[in-house]
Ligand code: HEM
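The chain below stands alone, shown as structure tokens; this is the form predicted on its own.
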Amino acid sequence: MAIDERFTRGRQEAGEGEVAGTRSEIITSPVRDWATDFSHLEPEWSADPYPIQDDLRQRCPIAHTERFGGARLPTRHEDVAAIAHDTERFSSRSVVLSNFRPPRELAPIGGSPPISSDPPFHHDARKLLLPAFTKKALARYEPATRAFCHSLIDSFAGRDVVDAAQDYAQHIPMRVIADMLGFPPQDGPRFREFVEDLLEGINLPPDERVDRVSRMFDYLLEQVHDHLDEPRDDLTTYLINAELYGRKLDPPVVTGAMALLLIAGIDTSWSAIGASLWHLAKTPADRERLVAEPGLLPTAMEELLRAYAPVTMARLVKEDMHWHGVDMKAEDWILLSFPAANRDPLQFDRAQEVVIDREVNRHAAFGLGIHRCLGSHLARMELRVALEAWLERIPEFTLDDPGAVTWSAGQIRGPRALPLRIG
């Protein structure tokens, strides 16, 4: 089979596999009781999930909902960590909760390896990507990232109000990921569409969701063809040529990994940068201290990641069982809320406060267990450089209108509108 035909078939398998499966009722009604009817898509959750999580942690630490065909939401660090480490009873074959269960046959590879992979395949798929995400390998991208951050700031020089989410935060990871994958940097707006389609479109009808996901894989196929015609030193060419178990990677593995890097590599850092600027804009004492003590930034970054962790990951229950006091059914979704785990007072002193000089900070912002974020060094570099450039150039800024700040819905939470008044 010709290589372009293999990748065309791979696109179909990866794109359709992610949204195929059992359909459940689509529910968008207001939540009645977060303990028995939660939905992470509701505006109340997007605007401020922390009081909801605190309440659940006290009265119902593993909440349940019949939405999405049945799902559970643990809010204690202990439970989140236990599930994240338990690959025997919980599958990662889809990490984005939706109204559709991907077929069990997708395991152990899943649609976007290695994040969607179960053991034993996960270990080898992750090992294949590790060399590209070491601190040393990523250092090559820092100068260009810093220059790009300054160019973005140059672009809104003279303005009194800037949307730091749309004019700054979102563009930084888009450019870095485009560079790493060898994609045209001007395709950034398309990347945003892919993010929204995959992560925020989970209540869409199945045909529309398949169409939207397929658009992304069509784009990835175009990039594969371009790299086959003109190989170069980037991750896409590396994946096309990589071998596992003595043979080339199957096309769904290649395009799935590309999709993972494109989606997870953009929305998470975009959200972390935006949330950090939001906090500093509304907390002048922390902002002023970081401007006066730039050496404190690495410590402050870890606290901002803990307090405003953007990522919640999903798992699927493998078999019916009684687990930590609750009955779980096979194919129930589990939402692993790392943000909730990071604010558990049994795990962190002053858990609800942002303490930018917190010394001991073993947060879960990058996940726990075998799926701990492969790109954590990349995310830290992007966040650090973005904040360094901003604080150097714009040391004074406040929220222009707190009510105008909006947050994304779904499993990645970050500001989507963040108007800041400069000076």
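This one's a predicted model, so the numbers in the text were calculated from it and none came from an experiment. The numbering used is simple: start at 1 and walk along the sequence shown.
What comes next is about the form predicted in complex with protoporphyrin IX containing FE, which is not displayed.
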Can you confirm whether R306, I356 and G414, the three residues that make up this candidate site, all sit within 4.5 Å of protoporphyrin IX containing FE in the model of the complex, judged by heavy atoms? no
Could you tell me which of 264 to 272, 184 to 192, 280 to 288, 240 to 248 sits within 4.5 Å of protoporphyrin IX containing FE in the model of the complex, going by non-hydrogen atoms? 264 to 272
Contact flag, H227 vs protoporphyrin IX containing FE in the model of the complex, heavy atom cut 4.5 Å: no
Closest heavy atom of V95 to protoporphyrin IX containing FE in the model of the complex, within 4.5 Å or not? yes
Can any non-hydrogen atom of F156 be found within 4.5 angstroms of protoporphyrin IX containing FE in the model of the complex? no
With the partner left out here, check for me: in the model of the complex, does some heavy atom of H371 sit within 4.5 Å of protoporphyrin IX containing FE? yes
So which of M216, L260, M301, L316 gets a non-hydrogen atom within 4.5 Å of protoporphyrin IX containing FE in the model of the complex? L260
Can you pick the one in C149, L106, M328, V311 that has a heavy atom within 4.5 Å of protoporphyrin IX containing FE in the model of the complex? V311
Within 175 to 189, which residues come within 4.5 Å of protoporphyrin IX containing FE in the model of the complex, counting heavy atoms only? I177
